[in-house]
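A single chain comes next, written as structure tokens; it is the form predicted on its own.
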Amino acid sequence: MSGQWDETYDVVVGGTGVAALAAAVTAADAGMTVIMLESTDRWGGSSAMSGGGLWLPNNPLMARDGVSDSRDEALTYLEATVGDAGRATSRARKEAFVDGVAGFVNLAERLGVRFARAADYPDYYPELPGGKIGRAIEVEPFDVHTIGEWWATSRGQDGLPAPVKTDDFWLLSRAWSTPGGMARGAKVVARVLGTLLRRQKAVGMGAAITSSLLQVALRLGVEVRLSSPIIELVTEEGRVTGVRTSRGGTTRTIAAARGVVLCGGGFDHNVEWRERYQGVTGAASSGSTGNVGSAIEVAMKVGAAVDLMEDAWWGGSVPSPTPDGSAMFLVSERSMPHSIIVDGGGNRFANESESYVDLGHHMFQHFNLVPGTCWMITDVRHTHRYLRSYAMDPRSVKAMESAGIMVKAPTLAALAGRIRVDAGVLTATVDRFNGFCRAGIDHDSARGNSAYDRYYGDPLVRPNPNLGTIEKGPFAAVQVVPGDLGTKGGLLSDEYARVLRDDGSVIEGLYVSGNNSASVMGHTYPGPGSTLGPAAVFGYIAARHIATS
């Protein structure tokens, strides 16, 4: 249908998150013409709203710092954590991910992206074979003045509008209770003041990496078009040759002479799919509201296979007090001392400090046995000593209290009554936990045994930095529900990021990365940035394969 195209590009990329940006800059650097089509009126997707870390084992920054890692260790660790969760987690895809890390990082740095290591951040299972500390990297704080008017439409504005790095948060969470936290807090303040003196508008984390990559993409001549969803894939003799996109009521047909790369996010806010595949509504998802699975759906219509649709990047979350608000994903708060999570019966059921995906899975498993609400119970020291992301805005706290999501009381018995938990059971649970705190060993859930647990602990609390007694009032309870950072099921793809049919055959001309794809990480989360790391690398792999095919 060569005469029916409205426009022609070498590569059409669906989406504007890290996966899409990695594919776009790689393709453009290889000399190809590229257009990025974003379905919403804001670019960056969930990536721009995220912590911005990328889990990239055996990366070049580690080698420069003299930190030991290797291909074999990375693959050993992936087999120990991910294992075999189906075709998405094949050995070939694991190898492709590990082998693509250096290529992506070197390309991005050559094009001007400035990376930094999160040197103290452990893998989520560092004690397993091949586990390490310090495999995650992120982008240095970025001055968004350099992308001009594009910042006004970035989803990064929904994040923290300051030059704060993921590597700051493990110390900032205890900024007014430990010397290390106070020192990091002072460093961040100095960084903020420095950017203001230089008249910069610097941002960190997800906003930084997406803005940095967008700047590169624009410089390389990539066209970015908002409010332009891909509504159909055009095929000729089984090969994807272009897309149909709609904008302002007008449909245009765009040829992709070399290939289409789908990077449009998961189906976080597609209620029908969430209920069908996962039994949830997605109301507690922290993913971009634009993630409704449309890119997955158009690929399924041309025969693409899907996998891992039942899974997501789960984690405990505090629900929003308003219907139009976003759930607040819990990371450090549940690991800090003087806190536990209990079910609706008043009993602990998991290691509160474990990785968020594990906690999410345990919440679902436990709810099959004990339906009801979960609560994070804290004493006054948790309130006064540690940063709590869900309680930083006084207006939000007031709204949560009005909605019954946050409850306070002078005694545990009174707190139990207010959250409708048996006071005797809750008291017994806390007494047992307090005994573990004094001994330094959690005999029920092994909290604090892993280096990952201790990363978000308080080193001044001994003998276990994650175990602090709950005995000083007033006490508080905040509701915890199974939330997520996005879905992890999607299009099945091979080691070259090519989309596959159910029979394993390749749909020529169609590639995928990010949460549009069934994750190479399977049902787990090996380390910090296990969403963005593979997203960036497989976006890079897709574009490299297009360029050399």
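The first residue of the sequence shown is number 1, and the count goes up from there. The structure presented is a predicted model; accordingly, all values stated were derived computationally and were not measured.
Keep in mind the form predicted together with a small molecule is missing from the figure; the text below concerns it.
| message | Taking the small molecule in the predicted bound form, would Val18, Gly51 and Gly290 all count as contacting it (heavy atom within 4.5 Å)? | response | The answer is yes; Val18, Gly51 and Gly290 each reach the small molecule.
| query | With the small molecule left out of view, which of Val260, Ala208, Ala312, Ala295 would have a heavy atom within 4.5 Å of it in the predicted bound form? | reply | Comparing distances to the small molecule in the predicted bound form, the residue within 4.5 Å is Ala295.
| query | Of Leu485, Ile507, Val480, Met521, which residue is found within 4.5 angstroms of the small molecule in the predicted bound form when only non-hydrogen atoms are counted? | reply | When the small molecule is considered in the predicted bound form, the option within 4.5 Å is Leu485.
| query | Quick one: which of 42 to 50, 492 to 500, 23 to 31, 63 to 71 gets within 4.5 Å of the small molecule in the predicted bound form, going by heavy atoms? | reply | Flagged stretch: 42 to 50.
| message | When the contact criterion is heavy atoms within 4.5 Å, does Pro319 count as touching the small molecule in the predicted bound form? | response | Judged by the heavy-atom cut-off of 4.5 Å, Pro319 is well away from the small molecule in the predicted bound form.
| message | Within 4.5 Å, heavy atoms only: does Ile35 come near the small molecule in the predicted bound form? | response | It does not: once the small molecule is placed as it appears in the predicted bound form, Ile35 has no heavy atom within 4.5 Å of it.
| query | Are any of the heavy atoms in Ser286 no more than 4.5 Å from a heavy atom of the small molecule in the predicted bound form? | reply | Heavy-atom contact with the small molecule at 4.5 Å: present for Ser286.
| query | Counting only non-hydrogen atoms and a 4.5 angstroms cut-off, does Ile541 reach the small molecule in the predicted bound form? | reply | The answer is no: Ile541 has no heavy atom within 4.5 Å of the small molecule.
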